[in-house]
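What follows is one chain in C-alpha cells, specifically the form predicted alone.
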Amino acid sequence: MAIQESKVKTAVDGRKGERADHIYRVAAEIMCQKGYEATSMKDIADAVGLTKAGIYHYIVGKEDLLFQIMSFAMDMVDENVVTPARKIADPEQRLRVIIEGHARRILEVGGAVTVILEEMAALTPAHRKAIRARKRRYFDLVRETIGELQTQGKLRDVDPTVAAFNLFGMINWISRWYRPDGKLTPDQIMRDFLQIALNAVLRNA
C-alpha cells in the first residue's frame, strides 16, 4: 500500500512540476513583452488558464516567480550544459559542447527565460546573491576551459576573461533575434553559430 501511495505522490508532484515549468515559460514571455514591473499576476494567471487565486498554488508572489524563472533557467543550464561539459577532459571539445548546448536550449525552449536573467535588480538581496553565485560558477567553468586552451596554444591572442564574456554575449543575444517562425531552422543556425563562435576564440577551430 505504501509503495502505491508513493507512486501516486510522485506522479502528482511530476504533474505539478510540469505545470510550474509551463508557468515559468509563459510568465517569462509576458515579462519580456511588457517588462517586469508592468506585468501583473492576473496577466500571468489569464495566460496559463488559472484564476489569480489558483496561480498562488504554484508560486508565492511576483518576486518569487521571477526568482523561480531564473532558477529554472540555471537548472536547465546545469542539466544540459554544465553537467555534460564537466565530463569532458579535452578543453576544445568541452567548449564546443558548452556553446552548442547553451545555444540549442535557447533555440528550442525560447529566449524569454534567458532575457529575464537580466532582471537581477528586481530580486531581493538574498535571491540576487543566489542567482549571481550560480551564474558565476558557470562563467568560471567557461573561463577555465578557455584558459586551458590558452595553455595548449590553441587560443587566439586574447585574454580568457574577455573571451568568456564575449562568448556569453554572443550566445545570449540569440534570444534577441531568433524567431521560431523565421526562415532559418535551429540546425542551420547552430551550424553557422558554432563555426563563428569557435573561430572567434580559437586559432584553428
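The model shown is predicted, which means the values in this text are computed figures rather than measured ones. Residue numbers run from 1 along the displayed sequence. So that the term is clear: the rigid core is the largest set of C-alpha atoms that superpose within 1.5 Å between two forms.
Below, we refer to the form predicted together with the DNA, which is not included among the displayed structures.
- With the DNA omitted here, the record of contacts in the predicted bound form names 43 to 51 of 43 to 51, 132 to 140, 150 to 158, 173 to 181, defined by a heavy atom within 4.5 Å.
- Interface membership of residue 68, defined by any non-hydrogen atom within 4.5 Å of the DNA in the predicted bound form, is ruled out.
- Interface membership of residue 61, defined by any non-hydrogen atom within 4.5 Å of the DNA in the predicted bound form, is confirmed.
- Taking the partner from elsewhere, residue 19 is found to have a heavy atom lying within 4.5 Å of the DNA in the predicted bound form.
- Contact between residue 56 and the DNA in the predicted bound form is found at the 4.5 Å heavy atom cutoff.
- Core-superposed comparison between this form and the one not shown: the CA of residue 23 exceeds or equals a 2 Å shift.
- Relative to the superposed rigid core, the position of the CA of residue 34 differs between this form and the one not shown by 2 Å or more.
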